[in-house]
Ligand SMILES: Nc1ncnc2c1ncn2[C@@H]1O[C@H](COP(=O)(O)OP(=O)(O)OP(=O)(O)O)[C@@H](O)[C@H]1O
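In the form predicted alone, a lone chain appears below as structure tokens.
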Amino acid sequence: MTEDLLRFDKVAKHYTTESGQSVTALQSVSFSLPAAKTVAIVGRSGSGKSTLLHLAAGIDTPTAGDVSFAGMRLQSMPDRQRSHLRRRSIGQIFQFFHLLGHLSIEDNVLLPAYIAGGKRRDYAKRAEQLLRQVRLEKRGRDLVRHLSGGEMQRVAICRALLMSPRLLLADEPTGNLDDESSAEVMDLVYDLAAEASMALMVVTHSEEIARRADETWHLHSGLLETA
């Protein structure tokens, strides 16, 4: 029987604006994501896609319903425990890279290990292997500010995979890239996820990017359609 790595059960998320207005980001969202499965969530800007990923990563907690990772109810965990789980088990790729321009490519890849209290020597070979897979192994000592957008996103992919996560979350990972770089980056994301047998959830507005996933779900005004 396939393990459900990530599960949402009737999850809702409401926010209150500074003016006191109530905003509903997600409405009664339910799904299960097995280990090693890839899913693309397609929706327009403002449909709730990023909110869904924040809940999946344990960055935020739901207003109602349950979010579970590997059988653990995320909102029942203290913030510190959720942060530890996220560092060790959940990789994240963002639209805006979030790299540190004053650091080398290699040090940017190694950041999750440093934050977790790990030592360089324990993760250097893993970083080297990942950079080789994205064809940047000869650039490890270069500063990331000298890279193109596509190269920066490849570094961000390596960083997300450094700790060998069980779940990879990608939030509009090609939003800042041209068509050629977008295709290359998404090929890498899908191929590396498949190679590592990890679950992958890609949030995108592009149906083309979504086609490579095992399933495509659609999010409209906070409502998720999984069929």
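Note that the structure is a prediction, hence the values are computed from the model and not measured. Residue numbers run from 1 along the displayed sequence.
This next part talks about the form predicted in complex with the ligand, which is not shown.
Contact annotation for the candidate site: Lys10, Ser32 and Leu223 all lie away from the ligand in the predicted bound form (no heavy atom within 4.5 Å). The shortest heavy atom separation between Gly46 and the ligand in the predicted bound form is within 4.5 Å. Proximity of Arg212 to the ligand in the predicted bound form falls outside the 4.5 Å heavy atom cutoff. Contact annotation: His218 falls outside 4.5 Å of the ligand in the predicted bound form, judged by heavy atom distances. Not displayed here, the ligand is kept clear of Ser181 by more than 4.5 Å at the level of heavy atoms in the predicted bound form. The candidate stretches are 61-69, 155-163, 194-202, 48-56, and the one lying within 4.5 Å of the ligand in the predicted bound form by heavy atoms is 48-56.
Looking at 171-192, the one residue that comes within 4.5 Å of the ligand in the predicted bound form, counting any heavy atom, is Glu172.
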